[in-house]
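Next up: just one chain, as structure tokens, the form predicted alone.
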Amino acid sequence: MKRRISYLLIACLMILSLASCTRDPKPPVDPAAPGKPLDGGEITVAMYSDLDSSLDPHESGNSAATREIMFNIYEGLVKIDSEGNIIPALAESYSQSESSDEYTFKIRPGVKFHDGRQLEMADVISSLRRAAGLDSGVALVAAFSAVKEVEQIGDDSVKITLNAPDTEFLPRATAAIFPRDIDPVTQVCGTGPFKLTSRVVQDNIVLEKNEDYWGTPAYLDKVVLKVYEDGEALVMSLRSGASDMAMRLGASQIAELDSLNIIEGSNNLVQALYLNNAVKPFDDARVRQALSYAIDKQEVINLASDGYGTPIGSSMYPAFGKYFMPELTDYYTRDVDKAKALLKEAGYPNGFEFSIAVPSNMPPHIDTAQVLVEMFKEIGVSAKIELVEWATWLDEVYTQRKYQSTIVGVDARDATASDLLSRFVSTAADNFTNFNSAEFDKVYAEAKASSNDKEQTELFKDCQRVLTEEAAAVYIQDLASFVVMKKGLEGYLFYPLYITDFAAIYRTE
């Protein structure tokens, strides 16, 4: 794959001071003035990678890209809107006990599944029990592991009882509901505004409008999702008109697409150099701290992302307003001497070598890796980039944890702070960095046990401080996200989660 960063920039980085190489970012093309929405039509959307092999909506291993598309197909009792609010979905109303250990939902009447059947209470009960593992003994949705019981109340309501109070449970009630007699591993059938009608692995996914949708129907009749594992091929498809739209492009890509509408937003991802804390030399906090001192976040953004992006200092991005801590952004400021001193103290006076595994289909992360490699050279550390296919990354890096370091963006499955922080609990199944801190485990447990919002918020902030101080990862930024759409398409909404709402997109006159 061709390098995405100009060799001139890298040379500049190596020869001159970092500050002298900053480029003024070019603003993206403004989208056209809103036009009158038209019903119907179809669009082709270019995607970086295929969906996961399993489309089971309760599958905890689903990638962010898969969940992004499944949002249009499946619905839970509640859902998140583009402003981050929790709104009714298959439950038309809900209530929470004062102790926050019981949640009751009144099920919306008249909802149909994509196969035409009416949603019934038995479907709701079955889906929720499956998510919680009440019959199998294994919770498929991690957030539902705290569910003690699911029971019908009266003719139209369901009550979920938890093992312990949890003030964050409501936004987790987005777990998908589907017919009780299907196997969601092999059959995709939800209640959302679009239904999946066909799929060719590693090639395309076709979504068609759900004509019986209970809510506001989609404008478009069809969305064809075309898979391009190569970033250059994806850009070419937009330039040629083969694709009408693409989400989450990087700054280096939009320069080639200035004839199209380019909309800037946030990716809502914690991009970092994630380190395998269980392998040498990253089992030593001093080494991790040294790498943190070796970089200048804003310069990484300037060089790798043309100045677009928001620096962050821990595992939280700005969309989580009350939890985000901007003061942690500058906890580590670039200090080559301090970085070298820490390496010497840790037993690496001459530096060391390590590899950075980066998904080959994600140009923004490749661009970032190339800049970090040059910055690490100044403290005597040699890093080698290893490009890996996405499926390989999911298997070897995320699942098996066979890696030294990697650059990716980590998202939240729902609108809760703990969704970003829980993966650093030492015993967490998704703790792919093998971070192990007794202090973090203690503070996180205290936060989850608290039913006082103010107290819980401060404890979650304490969790972030621990991650920053112990340098669980080399935190970089919340990547800017660019959506590219051809002229005559509008309606794209940025959500505080990794979501694309195709129902909101429309053609104009």
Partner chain sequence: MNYMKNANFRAGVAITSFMMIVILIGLFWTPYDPNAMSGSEKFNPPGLSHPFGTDNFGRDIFSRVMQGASATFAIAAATVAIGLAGGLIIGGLTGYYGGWLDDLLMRINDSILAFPAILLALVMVAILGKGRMNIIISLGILFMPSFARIVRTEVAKQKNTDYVRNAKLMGASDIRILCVHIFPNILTVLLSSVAIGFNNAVLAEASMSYLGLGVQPPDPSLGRMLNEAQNFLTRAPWYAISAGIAIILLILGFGLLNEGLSDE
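As the structure is a prediction and not an experimental result, all values here were calculated from the model. Positions refer to the first chain, counted from 1.
Only in words, not in the display: the form predicted in complex with the partner chain, which the text now covers.
Want to guess which of 300 to 308, 212 to 220, 174 to 182, 329 to 337 is within 4.5 Å of the partner chain in the predicted bound form, heavy atoms only? Correct option: 300 to 308.
Pick from K159, K344, R117, R239: which has a non-hydrogen atom within 4.5 Å of the partner chain in the predicted bound form? Of the listed residues, the single hit is R239.
Note which of R199, K377, K112, R401 lies within 4.5 Å of the partner chain in the predicted bound form, where distance is taken over heavy atoms; exactly one does. By the 4.5 Å heavy-atom cutoff, the listed residue in contact is K377.
Would you check, heavy atoms only and a 4.5 Å threshold, whether D395 touches the partner chain in the predicted bound form? No - in the predicted bound form, heavy atoms of D395 and the partner chain never come within 4.5 Å of each other.
Is L140 close enough to touch the partner chain in the predicted bound form, meaning at least one heavy atom pair within 4.5 Å? Because no heavy atom of L140 falls inside 4.5 Å of the partner chain in the predicted bound form, the answer is no.
Tell me, yes or no, whether A278 is in contact with the partner chain in the predicted bound form, where a contact means a heavy atom of each within 4.5 Å. It does not: once the partner chain is placed as it appears in the predicted bound form, A278 has no heavy atom within 4.5 Å of it.
Closest heavy atom of A89 to the partner chain in the predicted bound form, within 4.5 Å or not? Answer no; every heavy atom of A89 is more than 4.5 Å from the partner chain in the predicted bound form.
Could you list the residues in 372 to 401 that come within 4.5 Å of the partner chain in the predicted bound form, counting only heavy atoms and keeping sequence order? Residues within 4.5 Å: V373, E374, K377, I385, E386, L387, V388, E389.
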